[in-house]
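The chain below stands alone and is given in structure tokens; this is the form predicted alone.
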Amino acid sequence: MAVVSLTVSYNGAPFAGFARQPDQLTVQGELERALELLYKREVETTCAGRTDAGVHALGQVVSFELAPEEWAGREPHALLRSLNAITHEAISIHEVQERSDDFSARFSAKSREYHYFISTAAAPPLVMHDFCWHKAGDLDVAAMNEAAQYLIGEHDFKSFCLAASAEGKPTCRNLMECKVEPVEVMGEPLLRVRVVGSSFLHSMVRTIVGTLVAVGAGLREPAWVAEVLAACDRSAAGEKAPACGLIFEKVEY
């Protein structure tokens, strides 16, 4: 079999998440529908990281297998063009690539990077309106970065994931980077929370952001984040930030 990967971007707003669901519009469902149209059979895909409803992606990676004659029968640029023509308008496929026989978009990944955007301006942003959390009022970036340092390394992140999804499953993860910094996108000032890890739990990044925002707003001290980690209880952490501000940026293999 030929192992093929796609590098995919999508606006998460129309979708009920990445993973296929019965009678729901999903990114995986759209990609597999398009592949089935092209190859006249079901084609199962694997992604680097499932995203929730409303979460966006710039560098999601999806892999699947084709028979050698299927892969040879359509040039990569032709497959790219065809997929972009028949998938949902909120999906864009950037690259088609043949991979090694043992490649998996999920299991071969060394790290995943997410960006979360926050607007603290008094007026809501225009260009980034649908791609950030508008939280008017100053946030203490230095305090947020101090708090973020407690999360770096390998920890039990049970406090930072959806409680139901943590039952009976391992919740230790390795967080490599977590940094808050001012950025400008199309002339609009924003804060970007950049989070890099080996893998992530359900809603982990959004809960990290909500917890850091509580520190930035002066509601908690930075050291509180260490207490949240130790609690291993979702109710100990801050609120879950809205899905619209989160972007799955890229995967490293």
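Numbering starts at 1 and runs along the sequence shown. Bear in mind that the values here come from a model prediction, so they are computed numbers and not experimental data.
What follows is about the form predicted in complex with another copy of the chain, which we do not show.
This chain is displayed alone, yet in the predicted complex one of Glu32, Glu227, Glu188, Glu65 has a heavy atom within 4.5 Å of another copy of the chain; that residue is Glu188. This chain lacks the partner; the member of Ile86, Ala143, Leu80, Ala109 within 4.5 angstroms of another copy of the chain in the predicted complex by a non-hydrogen atom is Leu80. The stretch in contact with another copy of the chain in the predicted complex, judged by heavy atoms within 4.5 Å, is 89-97, chosen from 169-177, 67-75, 143-151, 89-97. By the criterion of a heavy atom within 4.5 Å, Ile247 is counted among the residues contacting another copy of the chain in the predicted complex.
Although the partner is absent from this view, Leu139 stays clear of another copy of the chain in the predicted complex, with no non-hydrogen atom inside 4.5 angstroms. Contact annotation for Phe117: at least one heavy atom lies within 4.5 Å of another copy of the chain in the predicted complex.
Taking the partner from the other structure, another copy of the chain in the predicted complex has no heavy atom within 4.5 Å of any heavy atom of Met204. Residues are counted as partner-facing when one of their heavy atoms sits within 4.5 Å of another copy of the chain in the predicted complex; in 119-137 these are Ala122, Ala123, Pro124, Leu126, Val127, Met128, His129, Phe131, in sequence order.
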